[in-house]
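Heads up, the chain below is alone and in the form predicted on its own; it's given as structure tokens.
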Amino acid sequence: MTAYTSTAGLALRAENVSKSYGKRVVLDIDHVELSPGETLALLGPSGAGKSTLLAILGLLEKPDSGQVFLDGRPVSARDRGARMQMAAAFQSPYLFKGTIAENVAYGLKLRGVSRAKRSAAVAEVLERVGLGGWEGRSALTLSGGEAQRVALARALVLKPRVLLLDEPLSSLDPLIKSRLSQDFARIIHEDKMTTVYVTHDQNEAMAVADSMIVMRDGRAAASGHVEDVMGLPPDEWTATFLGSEAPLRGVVTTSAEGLLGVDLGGPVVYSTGELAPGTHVIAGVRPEDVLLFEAGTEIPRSSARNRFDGTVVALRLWGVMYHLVLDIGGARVASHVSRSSVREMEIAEGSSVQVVFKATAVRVRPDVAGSGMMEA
């Protein structure tokens, strides 16, 4: 499967890369490419091959087969010039005994940069990661979030063309992770840095990335723009992993002025787009875009065209929210609802609710298999 492609030129590309340990295949990817300044998230469960792919793209590990290209030129782990254009930060910050300044300047020192230039560069990059004036502090006294900021600074100070981040926030608590992911995203995009970002957290991926590859068993289960993959996963496994219901299949019945009516074999949902009536499509809507109201209550006026009577068929905890599966006339969608709303609305399996979502929240694309309706 092909990752998001831009016509603006390529910074990093890999073709037909594979890696095995003994008889176990841990990676088998046909094609990956990043444009200059693009952030690609490698998302998937543990053991999916994310870190292996990052190591191969970053020339830290040699693939059994396939080739990595930097600006169209074949490169390998033995290419020191190419490796010097890359820098990495990992799940563990790997800080050594000494000051923050000494840790951040380590790579510059190895490259023969003068003391004065090192000091200026360290001061500048620490300011950018929110640790301005911390040069003299001991690196061994930092909190987890502070240590990861230092690890990022140590990578950024080298001014790499390609930044590799391997689950840098996975060991942090949710509040710190949320704040740092926003900070990391801002810094990466300010520098227009080409970045490969490994994570198993979809919220983190959405915060930092332009595009993503969802990996499963060493292969690409889905790839593309973040909004496209998250909004309309291609199959049931990917949808479940990303917190959605399986994609729905239907047929466009009406198309006028950019508004589509899609028959899902019972309910008709409205979406935006330009497709001809009779086109078989796959449709999906993200749980966070689906609003619930108590059955029988008057729904506030809004621009939402999709309004259905629904039944809760399943609910389970999803982090700090509840994940609800809803039946709307034979089709199933999901919604994320706060714990307090579940209590206040007395929602349980079998509860009747009103389901509301906008046409702009519904993503559709032609169903190339032409398989028509999908079972609920």
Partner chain sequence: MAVFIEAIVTAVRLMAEGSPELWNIIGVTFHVALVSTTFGIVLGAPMGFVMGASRFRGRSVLIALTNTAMAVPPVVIGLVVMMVLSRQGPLGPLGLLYTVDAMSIAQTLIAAPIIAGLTSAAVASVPYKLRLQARSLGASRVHEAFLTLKEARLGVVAAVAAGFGAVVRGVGAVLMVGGNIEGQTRVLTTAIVQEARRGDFGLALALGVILMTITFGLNGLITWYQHAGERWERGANA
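Since the structure is predicted, the reported quantities are computational estimates derived from the model, not experimental observations. Residue numbers count along the first chain shown, from 1. Whichever C-alpha set is largest while still superposing within 1.5 Å between the two forms counts as the rigid core.
What comes next is about the form predicted in complex with its partner chain, which does not appear here.
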{"item": "Among the candidates 147, 86, 75, 187, the residue which, in the predicted bound form, approaches its partner chain to within 4.5 Å (heavy atoms)", "value": "86"}
{"item": "Its partner chain: the contacting residue among 110, 116, 276, 175 in the predicted bound form [heavy atom, 4.5 Å]", "value": "110"}
{"item": "Proximity to its partner chain in the predicted bound form (heavy atom, within 4.5 Å), stretch among 243 to 251, 190 to 198, 222 to 230, 76 to 84", "value": "76 to 84"}
{"item": "Joint contact, 93, 96 and 154 to its partner chain in the predicted bound form, by non-hydrogen atom at 4.5 Å", "value": "yes"}
{"item": "Heavy atom of residue 203 within 4.5 Å of its partner chain in the predicted bound form", "value": "no"}
{"item": "4.5 angstroms heavy atom contact with its partner chain in the predicted bound form for residue 158", "value": "yes"}
{"item": "Contact flag, residue 60 vs its partner chain in the predicted bound form, heavy atom cut 4.5 Å", "value": "yes"}
{"item": "Close approach of residue 134 to its partner chain in the predicted bound form, 4.5 Å, heavy atom", "value": "no"}
{"item": "Did residue 137 shift 2 Å or more between the shown form and the other one, C-alpha, core superposed", "value": "yes"}
{"item": "Exceeds or equals 2 Å, Cα of residue 289 between the shown form and the other one, core fit", "value": "no"}
{"item": "CA of residue 146, rigid core aligned, shift of 2 Å or more between the shown form and the other one", "value": "yes"}
